[in-house]
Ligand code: SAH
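Below you will find one chain, with nothing else, as C-alpha cells; this is the form predicted on its own, and questions on how it binds or moves follow later.
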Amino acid sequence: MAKKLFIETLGCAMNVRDSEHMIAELSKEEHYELTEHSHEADLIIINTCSVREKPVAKLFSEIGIFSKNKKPNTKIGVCGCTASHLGAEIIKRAPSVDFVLGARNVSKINQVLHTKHAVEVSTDYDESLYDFAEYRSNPLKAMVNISIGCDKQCTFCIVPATRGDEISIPSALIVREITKAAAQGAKEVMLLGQNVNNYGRRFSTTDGVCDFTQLLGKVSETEGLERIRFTSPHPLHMDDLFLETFASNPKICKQIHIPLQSGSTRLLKIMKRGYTKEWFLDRCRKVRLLCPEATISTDIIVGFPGESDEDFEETMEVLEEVRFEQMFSFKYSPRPLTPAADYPDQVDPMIAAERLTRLQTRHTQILDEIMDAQLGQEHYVYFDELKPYGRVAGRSDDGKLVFAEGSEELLGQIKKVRITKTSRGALDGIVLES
C-alpha cells in the first residue's frame, strides 16, 4: 500500500505553492499519496506562517492534536516561516516533531524525512535554480514562483528573517514551467513573489536576466495561456511602464494588489515602506485612468506603534478615494526579529480594535455598493472549480468570484456570464455561451 501524506497549509499563496512542491517531491521520491484525514497518514506536515501571532500560537496546538490522534509510527514535520524562525526550539517544545524545515529549504524535504529531529532552516540556501517535480492542486490554473526571499526591511515584517534575501528565478525556468502547465490544461497562471515587481534585482546566474515588465511580456507569449495574475507587487516599484503594460496587455488580468499598510506618510516612513501617501494615491489614480475596469485590492495595518487619530484618519481618506474592491486588514501584531516590536509607543489594543472595526465597517459599505452595481453586468469567467448541486465557480478577469449552473464540461472554459444575483463575497450568473 502507498504511504499517506497529510499536509496542513497556513498563510499565503507562496506557502500553498511550497506545499505543492513538497507534495511533488515526496510523491516522486517516496511515493506518498495525499489523504484528507490526518489519522490515516504516515506523514503529517504543518506548513506554517509567522506573519502574525495567531498562526504561530496555533502551531503547537495543532502539533498536540496530531500527536494524540496519529498512528504509532507516523512522522510529523513542521515547515515554513515559523520553522525558519523557531528552528530547533520547535522540537524542544514539542519532541513529537520529527523534523523542522525552513521556508528557504523546501527542496530538502526528502533529505530531512529520514533524519530524526533534523533541522534545516538556513535562510541563505539558494533554491532559485532547483527543478522541482510537478504537482498542482488544480491543473486548470498554475501558481509559479518567480522569486524567493525579500530585500525590504519593513519594520513590522518578519518575512525577510524567515525567507532570506531576495533572489529572482531565471526567466527561462519560469517560462518553461508555465509552458508545461499550459500544455497540461492550465489557462491561467499566478506569478508569486514577496515583491513581484522588484523581479530582476538579483539572480544566481546570468541566464534569463530581465525585469518584471519584460518577464510579463515573455510569459504572455506562452501558447495556450490566456490569463496572467501576480501577487504581490510593491507600490514603490510601480513605474509608469509597468502600469502601462498592466493596462495594455490583454492577457494580464485587470486585478491589481497595491498594499497600502497605512495612509499616513509619517507612519509609512517609520514602517520603511519607501513611498508616501501621495505616491500611493498617484499610482492608484494612474491605474484608474489607464484601466478603468481594473479592481484594486490592498493590505492595511491599524494600530501600528505611534499611530495617532490623525494618522488613522489619513488611512480612512485613502479608503474613501480609492474604494478598494478587496481589503485585507489587521490589527498590528508585534513580531519577533522586527524593529517595531520594540518601539515604545505601542497602541492600546482596545483603540486598535475600535479603529479596525471602523475601517472594516466602512469598507463593507463600499464593497456592498460595488457588488450591488454588478447586477446585470457581463463578465468573462474562467471556470476552474466544480461545486455541489450542479454548479461551477470561477473568476472574472477583474478577480470577482462567480458561480453559475453547470457541469464538468464548463471546467477549463472562459465563458461570458450575466450577473443575476449579488452578495458581498461573490456573484451568481447565467452562462450566455454554450
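Residue numbers run from 1 along the displayed sequence. Being a predicted model, the structure only gives us computed values, none of them experimental.
Quick note: we don't show the form predicted together with S-adenosyl-L-homocysteine (SAH), though the next part is all about it.
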query: Contact of Phe324 with S-adenosyl-L-homocysteine (SAH) in the predicted complex (heavy atom, 4.5 Å); finding: no
query: Partner contact for Pro259 in the predicted complex: S-adenosyl-L-homocysteine (SAH), 4.5 angstroms, heavy atom; finding: yes
query: Asp98: touches S-adenosyl-L-homocysteine (SAH) in the predicted complex, heavy atom cutoff 4.5 angstroms; finding: no
query: Interface membership of Phe230, S-adenosyl-L-homocysteine (SAH) in the predicted complex, 4.5 Å heavy atom rule; finding: no
query: Listed range touching S-adenosyl-L-homocysteine (SAH), judged in the predicted complex by heavy atoms within 4.5 Å, from 379-387, 400-408, 51-59, 32-40; finding: 51-59
query: In the predicted complex, the one of Gln194, Ser171, Thr74, Thr315 near S-adenosyl-L-homocysteine (SAH) [non-hydrogen atom within 4.5 angstroms]; finding: Gln194
query: Contact residue in the predicted complex, chosen from Tyr130, Phe242, Phe330, Trp279 - any heavy atom within 4.5 Å of S-adenosyl-L-homocysteine (SAH); finding: Phe330
query: Members of 151-175 lying within 4.5 angstroms of S-adenosyl-L-homocysteine (SAH), judged by heavy atom, in the predicted complex; finding: Phe156, Cys157, Val159
